[in-house]
Structure formats: C-alpha cells, structure tokens
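First, one chain by itself in structure tokens, the form predicted on its own.
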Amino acid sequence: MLELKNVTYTVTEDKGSKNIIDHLDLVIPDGKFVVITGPNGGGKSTLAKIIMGINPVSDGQLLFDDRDITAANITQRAQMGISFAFQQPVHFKGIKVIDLLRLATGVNLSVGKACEYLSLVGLCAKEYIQREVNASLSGGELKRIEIATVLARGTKFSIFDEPEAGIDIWSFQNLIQVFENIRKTVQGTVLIISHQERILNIADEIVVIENGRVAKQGPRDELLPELLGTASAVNAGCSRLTPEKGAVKC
C-alpha cells in the first residue's frame, strides 16, 4: 500500500512560492488498477514524480508498505519495487531493445524471455528484439517498449505518466489492449495518469486531482459516470476526458 500524508510540493516563481501539490492526502491500496485524472495544471504528473522520488516533497510523508520512503531517492525506491514510465520515453542512442530489457531486469535475459515481454505489449518480438531503440521506431512503438521494460521488472508498484501522449489513434487502440491485458495479468499495483476515457473505463479506482489536492476518489463505476455527466457515456468510443467539458471525441 502507498500512503501520502499531508504532502506538499512547493516551487519558487517570480511572484513568490506556489504549492503545486498542496497538503495532499491519498491512499492507494495494493493490487489495484488506479487512474489519476483532473484538469491540466492540477498537479497529476507532479504527483507521479513525487511518488517515484523525482520531485522531493517540501513537506509531508510518504509510506510504502508501512515503510517511510519520504527521504528515499529514485534508486532506493526502484529497489523497493516502484517503477516509472515517462510521458515521453527516454531515448538511448545505439542501444538495442534486447539490451534495454536486460537493463530493466538487471539480469542477462534470454532472447526467448525478452520476446515474451514484447509479446505482452503487442509487438512481434522477432521484428523488434535486435532493433536500436533510438532508430526507426514510432512513438507508439517506443511507448510499448517502455511499458515492456516496466513489466519485465515485475515491480509491486508501476506508474505510467500519460502513456497516450504523442501517439496516433491506431497506436492508442493497441495501447488500450496492452493496459487491459496488464489489468488482467499483473499482480501488483498499477497507477496511470490519464485524461482518456477508455483508460479510465478499465480502472478499479479513479482519483481526481484539482489544485494540488484530491478532489474525488472512488470506484470507477461510481465516479466515472459522474465525471462524464451521464452514465450512458461510459462506454463511448475513444474519448479524452476534460473535467471542465466532459468527454471529447478523439
């Protein structure tokens, strides 16, 4: 279980200091598929980076499996079982997909096992295993390879920051299938930052972040119809949820 107690993240601006995350309290239970959504600028991605240790908190406390991780750095949190996938996948010049998966696992992963992880994210393994990560790969392919590295680590708590960002609608359809598979097969906790209705629609729980605080939290079946405005909109097609306007078609 992850618990954030009275967490604040403050930045200094020309006009003074500003709380991006403002005395936030949040509990994310084990084994859940949780999606965080909310208005742009509300602090969602900042919150994800705080959990990973990329952004240190200004005040408050983080507990992971009842262990205080507030002062733990990125490496220490990764060793504890927390993974993070960025909005824009990191590029590694000259490194091959097989090498990236081996780095993620920390072992000399066999080609066969590496191919299994690529298959989980919908990629034909034979076509990708020896390709360079920084060459001839689309945004959607890079996203799925990054997701494969997270799956390969097999961590207890996996964070995906707006995985749909920068990919086309065809890649998005494949991405939804990947996360549906993750929801069915992954034993740990999955936390996704997203505006996409179809990602929200496969969540166990939804958390709405506004102005650096938790505005709402609850089961998908209860909260999503409220966010969309009508219960019938839940099963709509590819839509992007904007809390100010409801669901907007892609």
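Residue numbers here begin at 1 and follow the sequence given. Bear in mind that the values here come from a model prediction, so they are computed numbers and not experimental data.
Although not depicted, the form predicted together with a small molecule is the subject of the following passage.
Visitor: Can any non-hydrogen atom of K44 be found within 4.5 angstroms of the small molecule in the predicted bound form?
Guide: Judged by the heavy-atom cut-off of 4.5 Å, K44 is in contact with the small molecule in the predicted bound form.
Visitor: Test of understanding: in the predicted bound form, would N40 fall inside 4.5 Å of the small molecule by heavy atoms?
Guide: Taking the distances in the predicted bound form, the answer for N40 is yes, it comes within 4.5 Å of the small molecule.
Visitor: Counting only non-hydrogen atoms and a 4.5 angstroms cut-off, does I20 reach the small molecule in the predicted bound form?
Guide: Answer yes; at least one heavy atom of I20 falls within 4.5 Å of the small molecule in the predicted bound form.
Visitor: The small molecule isn't shown here, but in the predicted bound form, which of 200 to 208, 221 to 229, 44 to 52, 57 to 65 has heavy atoms within 4.5 Å of it?
Guide: Answer to the contact question: 44 to 52.
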